[in-house]
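The data below hold one chain only, encoded as structure tokens and taken in the form predicted on its own.
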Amino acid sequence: MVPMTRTLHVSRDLYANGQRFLAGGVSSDARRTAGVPLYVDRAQGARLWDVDGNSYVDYVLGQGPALLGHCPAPVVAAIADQAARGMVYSAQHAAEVRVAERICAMVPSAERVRFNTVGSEAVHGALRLARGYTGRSKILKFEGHYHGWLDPVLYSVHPAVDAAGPAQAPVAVPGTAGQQPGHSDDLIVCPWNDLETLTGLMARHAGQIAAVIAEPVLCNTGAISPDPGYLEAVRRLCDEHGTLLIFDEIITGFRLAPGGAQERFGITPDLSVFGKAMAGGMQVSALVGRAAVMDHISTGKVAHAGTFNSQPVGIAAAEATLRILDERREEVYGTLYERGEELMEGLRAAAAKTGVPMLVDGPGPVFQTYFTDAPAVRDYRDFAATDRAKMARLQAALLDRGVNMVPRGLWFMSTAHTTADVDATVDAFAGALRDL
């Protein structure tokens, strides 16, 4: 695939005008770029078209939600039908009960469900519930793991290494100006995939830790799988210390398996949070967990509220999406893993042919490309040692060749991606590497 003639006249005008009215010209920090942001006009299947008419094979997929591709017909029909019947009720409705029942059938940790709108809200609810249930205040999180942009957890996501402390004893580094410094007092930061350090921290803070929260596959920093036996050990330590285990499955949920990463790895947490892929692109998230813990919400001991919780249009999208993922699971997940493997192998071969040191790693339905000659990336410090600036330049070069991926090197697959898409992407990837 040769570089396309990508005109950006309309996009440049929009960006210039947007900077007058939108802070930074965008609505999320994740959309900031060195040049003109991508202004999308429409999306269908595995493709995007921007406002200038340029077409892209899309591996961002809205940062993961479009697991079935953009605008899958059953989800669009469900949204349109519900929108015509009501968009907000501030009351209960039948679909939320059906969706909650299906989630409880699909997800190993789900005995009760509460809906939210976005992942950050669901995480906030999970941490509050863990503290309310245990009567403890401290939370242990892992360096490089992202659990939303709210103050209590926006620490040590992608910190400068020289400010982050020793690798085996990371310090809590705030993610932004304006965070209340006191939040870090109740936060313990641990390196990922380091059982010895985790065991020591759990012992040192025995009787104080309400919950350990983790992305079971670290997707916000590469696509880093747990070492064999690691999640089993985390589960065992939590049980020994009376600490709840929370899986942040906002990305991995319904993407790696119908029951998320917890199904794939056979580890059942006490609480889990889901979002992104569960509603095919609509903004729905969920907090789920063991009945004994979740019933602290039921009794009113722990508060949980929200005007748009179980918003009917979003729930309609979730119902249509989860029905497909559940009832057609072999077809859906067979396609996701097969296409993901095809693309990963193609990218590895392209990098090898051009002599570029590159690691391509991850489960398949989501994976990461790293500029590194290291054989593996196991934690945040390994990720930080890769050439992230070069990866951002690769993303820009791929856009010029009609391929859209997450700038830090993350790729999301959908059931709409075809073998032809994979072949075109590998061709574009090889050309982009040569450009660099």
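So that there is no doubt, residue numbering starts at 1 and follows the sequence shown. This is a predicted model, so every value here is computed, not measured.
One more form of this protein exists, namely the form predicted in complex with a small molecule; it is left out here, but the text below deals with it.
For Arg114, no non-hydrogen atom is located within 4.5 Å of the small molecule in the predicted complex, even though that partner is not displayed. Although the partner is absent here, Gly119 sits close enough that one of its heavy atoms falls within 4.5 Å of the small molecule in the predicted complex. Shown alone here, Gly148 lies within 4.5 Å of the small molecule in the predicted complex, counting heavy atoms only. In the predicted complex, the small molecule lies farther than 4.5 Å from every heavy atom of Arg339. Exactly one listed residue, out of Ala286, Ile251, Ala126, Ala318, brings a non-hydrogen atom to within 4.5 Å of the small molecule in the predicted complex: Ile251. In summary, among the residues Gln208, Ser225, Thr199, Asn220, the only one with a non-hydrogen atom within 4.5 Å of the small molecule in the predicted complex is Asn220. Of the candidate stretches 139-147, 92-100, 175-183, 228-236, only 139-147 has residues with heavy atoms within 4.5 Å of the small molecule in the predicted complex.
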